[in-house]
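Next up: just one chain, as structure tokens, the form predicted alone.
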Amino acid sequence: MLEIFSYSFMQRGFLVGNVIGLVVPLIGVFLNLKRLSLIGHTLSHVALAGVALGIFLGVYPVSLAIIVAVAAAIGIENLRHSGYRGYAELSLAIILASGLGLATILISLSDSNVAVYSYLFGSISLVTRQDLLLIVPLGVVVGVGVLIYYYGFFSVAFNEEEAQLSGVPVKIFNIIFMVMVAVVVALSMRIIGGLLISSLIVLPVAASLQVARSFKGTVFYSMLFGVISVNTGLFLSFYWDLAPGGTIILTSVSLLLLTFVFKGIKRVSKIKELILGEKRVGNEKGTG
């Protein structure tokens, strides 16, 4: 079974995948707390325009995807707090429409639809050394950045108004966070795919909310479920010849369903304990 690691492209795929499996759910916890889980969907489509532009110009696509996604993230943040305050979904819709329109045009002008397809749905075999040297360091930077600004991100995500009254530089934290989200989404397109990355932002967090008892617990379980999803998905996609992105997402869905089952079993056991406790008390009163 371990012969999978004898292939250099799988070694690169697993290394990149584990970095993505850690940082995407980590970012996803704060995004879901801010009620902006759909931002991953928006930025992935905008990043696709950067990929198509890179292929069209003959430039490394991931680098342009990062630049375009960061610009879009800053644009979303400005629209969300100026032109459409209180209507965050409108800012997402505007950027999404612009990104999709640009991506469609650039893809039609591109000569390599196969390359674009690999960024849409993810590909293990096409992960290059150049991808490795960009994705891993930037993923580590994002992870360390979240740890450094953890409490600032938490306070801003939980309640921006209270955070501002407490002296937290809300605007700066929001911009830093949105840039991190854009970078993570662009980096994830290589393994997960642009059409599926938003699912990895949401699903591990949804699963962790079923079992965690605190915010830190939610962060831990989200990252754990993300890593399990990526590794299991990569193994299955290799041995069963499946698309890696879709396999990772379906694995994440399976984990979510398992947490529902686990929570249901716990609820039933608690009910049984209560019933047995009441019977025991009743028997004690009867014998007394």
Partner chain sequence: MNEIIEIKEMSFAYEEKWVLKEVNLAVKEGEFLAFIGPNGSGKSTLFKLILGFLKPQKGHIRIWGKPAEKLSARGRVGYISQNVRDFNHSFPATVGEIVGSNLYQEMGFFKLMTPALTKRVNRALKLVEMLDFKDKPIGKLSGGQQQRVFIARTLVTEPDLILLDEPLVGVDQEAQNDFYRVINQLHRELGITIIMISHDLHVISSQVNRIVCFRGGKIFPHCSSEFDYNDYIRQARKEDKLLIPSHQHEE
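The structure presented is a predicted model; accordingly, all values stated were derived computationally and were not measured. Positions refer to the first chain, counted from 1.
Heads up, the form predicted together with the partner chain isn't pictured, but that's what we're talking about next.
The contact residue chosen from 206, 168, 134, 176 relative to the partner chain in the predicted complex is 168, the criterion being a non-hydrogen atom within 4.5 angstroms. Checked against the partner chain in the predicted complex, the candidates 218, 198, 123, 91 yield a single residue with a heavy atom inside 4.5 Å, and that residue is 218.
Of the candidate stretches 150-158, 125-133, 96-104, 176-184, only 150-158 has residues with heavy atoms within 4.5 Å of the partner chain in the predicted complex. Interface residue remark: residue 108 is not counted as part of the site for the partner chain in the predicted complex, having no heavy atom within 4.5 Å. Using a 4.5 Å cutoff between non-hydrogen atoms, residue 33 counts as a contact of the partner chain in the predicted complex.
With a 4.5 Å cutoff on heavy atoms, residue 78 does not count as touching the partner chain in the predicted complex; it lies far away. Remark: residue 214 counts among the residues lining the partner chain in the predicted complex, judged by a heavy atom distance of 4.5 Å or less.
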